[in-house]
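Take a look at this single chain in structure tokens; it is the form predicted on its own.
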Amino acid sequence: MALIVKKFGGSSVRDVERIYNVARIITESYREGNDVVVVLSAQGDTTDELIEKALEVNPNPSRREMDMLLSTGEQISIALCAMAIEKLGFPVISLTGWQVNLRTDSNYGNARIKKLEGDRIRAELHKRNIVIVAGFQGINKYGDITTLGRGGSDTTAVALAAELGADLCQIYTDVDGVYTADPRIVPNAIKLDEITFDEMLELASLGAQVLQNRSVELAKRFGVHLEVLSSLESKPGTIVKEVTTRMEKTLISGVAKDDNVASVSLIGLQDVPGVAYKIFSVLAKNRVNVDIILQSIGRENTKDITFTVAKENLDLVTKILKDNQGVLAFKDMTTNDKLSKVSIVGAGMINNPGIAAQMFEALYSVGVNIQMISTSEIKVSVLIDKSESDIALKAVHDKFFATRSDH
């Protein structure tokens, strides 16, 4: 008998038919003698609809009250799914984030898990109940409901698997695994049998919408056995693990794009020590994550710095920088929110020169201009015009995977 954590996304529970499909997957595993813990997201587009309702009432609602509202979506899912399992004749209980004592910090809207106590879940499993937990939510030290950010149900599932010592954590989606690119944009994308935690973490943080990057980080840290698979097709998915057995010639694992990108350029900064520190420390104090950073060579005692942030943070960043213009002493600021980031990821890149050149050649072949470049040991990212992101993604994918014969 194994302990299995199963997480189902919003599309998997979007209507009655899908809920019963999920209920059958859950009860089949239970019938095989396994202990089953389930994590659910809100149905379909529920979260987006709740956000719209909030903005109709108040265009600038507090983050605390938004968390109070958005957490209801997952509660609806878990109750409905429990009802379906009850109807199928199996013992089941649904629990909210605070009922399982998932403790977080107080960063409403994007809270981080501080502590998770699995005693309540263990007690229910001991009674041979199927346990369904609301994803995406927890409780802070003030007793307030918090949410874990977009894709937070993945993190809930991995945290539960780590705390309970689960034998397997399965993330069910509307695709049947992790692909070399988004198959909705690149029809000839190849499904991967396995991928390393590091590669998956890079892909997740670079725009691949299969797993939340925080969930991958957590799985790597606690050695959670992770599988991504389809809730609509009964076949093996993609295993995410520390080391994979792929052939050494497989240099690239995937290509991703992220349209949630905006750039900020600060012009005419003083070319003296400490300028970059001042800029990025003030952003860090306001919990703004910065991605690609490019600094020009100093000229006439000035330099320019350009960096990227998530598009939804652009207004906040603009305000912070304008408010601190006197301290930071820049002459001008420009922004651009019509950008995309296209990236290649692969653990095999580190010992193989020329990978970046092949990527740039692919972009050149379709006339795509590169605005910024960022590299690490296992990734190369370029910033391009958003209108060219799909054609760029296909061209880069074809460059590395059109002639792949190891699948």
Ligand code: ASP
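Sequential numbering from 1, following the sequence displayed. Owing to the predicted nature of the structure, the values given are computational and were not obtained by experimental measurement.
As for the form predicted in complex with the named molecule, it is not shown, yet the points below apply to it.
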| property | result |
| --- | --- |
| Touches the named molecule in the predicted complex: Ala42 (any heavy atom, 4.5 Å) | yes |
| Partner proximity in the predicted complex: Thr47 to the named molecule, non-hydrogen atom cutoff 4.5 Å | yes |
| In the predicted complex, Ser153 touching the named molecule (heavy atom, 4.5 Å) | yes |
| The named molecule in the predicted complex: contacting segment from 105-113, 303-311, 144-152, 218-226, heavy atom within 4.5 Å | 144-152 |
| Any residue of 295-317 that, in the predicted complex, places a heavy atom within 4.5 Å of the named molecule | none |
